[in-house]
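Just one chain is shown here, as structure tokens, and it is the form predicted on its own.
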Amino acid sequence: MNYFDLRKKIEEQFKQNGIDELADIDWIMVEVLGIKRSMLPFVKEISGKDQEKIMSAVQKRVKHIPLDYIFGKSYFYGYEFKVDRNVLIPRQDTEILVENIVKDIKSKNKPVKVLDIGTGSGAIIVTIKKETNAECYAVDVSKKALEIAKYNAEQNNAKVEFIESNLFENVPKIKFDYIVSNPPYIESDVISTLQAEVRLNEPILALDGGVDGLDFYRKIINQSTDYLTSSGKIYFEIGYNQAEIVKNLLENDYSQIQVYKDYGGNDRVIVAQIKK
């Protein structure tokens, strides 16, 4: 069977199961066949063995399992990360967070310490380590998430100290130049309305931010000042509608608050410097 015939067959299965992301068909084939997407139209014959692999992935995808979990890997900031259902799939929007903190670190021209709260797959802190000379630490309350984060650090040759900790609970009493976090920020009663790919597969622990979605911002902000240097900064990823309220939470202890938008034009990152 050639590419076009197999794709048509899979499209029907996608449509029957309410899967709108038809581009995923190509990405499944690319992964199985080991070729570039641009070469797919030139594939005249797909072997029976490869067809089986492709259809096996398709059967998982029509059950609303994301491709990243099907193939056990994701790409972030140009680096490859192992992922499974114990960690969130890294989002492109989170690259805005990393891009801004990396730029900030590089402008310092001095050694800095960075702490990542709720590291998950380790995508944020591993990328920061790869892109800068920062001394990097990361915490997560999930032992299984930390195992994946450690693996990702090793695979990317990034030296990071990982700590099993509920927020700052087990963090050593040292001062950091930066605290960064992409905390759970979805309101509890919104979880059930999320896309099936997210709701049925990604860890609720990493999504649920409490009744108003702000539980973790409050906790992190309240404790963060004890762990920052006198000129330290805090970087958060935020929900598209949370900039003003997170800004209000920061204003007691922080100043020079800035908000950055994501690729879709939504508020996505907030950064603030501790008041001296």
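The first residue of the shown sequence is 1; numbering continues from there. Please read all numbers here as calculations on a predicted model, not as lab measurements.
One more form of this protein, predicted in complex with ligand GLN, exists but is not displayed; see below.
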| query | finding |
| --- | --- |
| Of 245, 207, 55, 33, the one that lies within 4.5 Å of ligand GLN in the model of the complex (heavy atoms) | 207 |
| Listed residue that, although ligand GLN is not shown, lies within 4.5 Å of it in the model of the complex (heavy atoms), from 101, 114, 160, 88 | 88 |
| Triplet 25, 66 and 84 all within 4.5 Å of ligand GLN in the model of the complex via a heavy atom | no |
| Location of ligand GLN contact in the model of the complex, chosen stretch of 129-137, 102-110, 152-160, 185-193 [non-hydrogen atom, 4.5 Å] | 185-193 |
| Any non-hydrogen atom of residue 198 within 4.5 angstroms of ligand GLN in the model of the complex | yes |
| Partner contacts in the model of the complex for 229-251 (non-hydrogen atom within 4.5 angstroms of ligand GLN) | 237 |
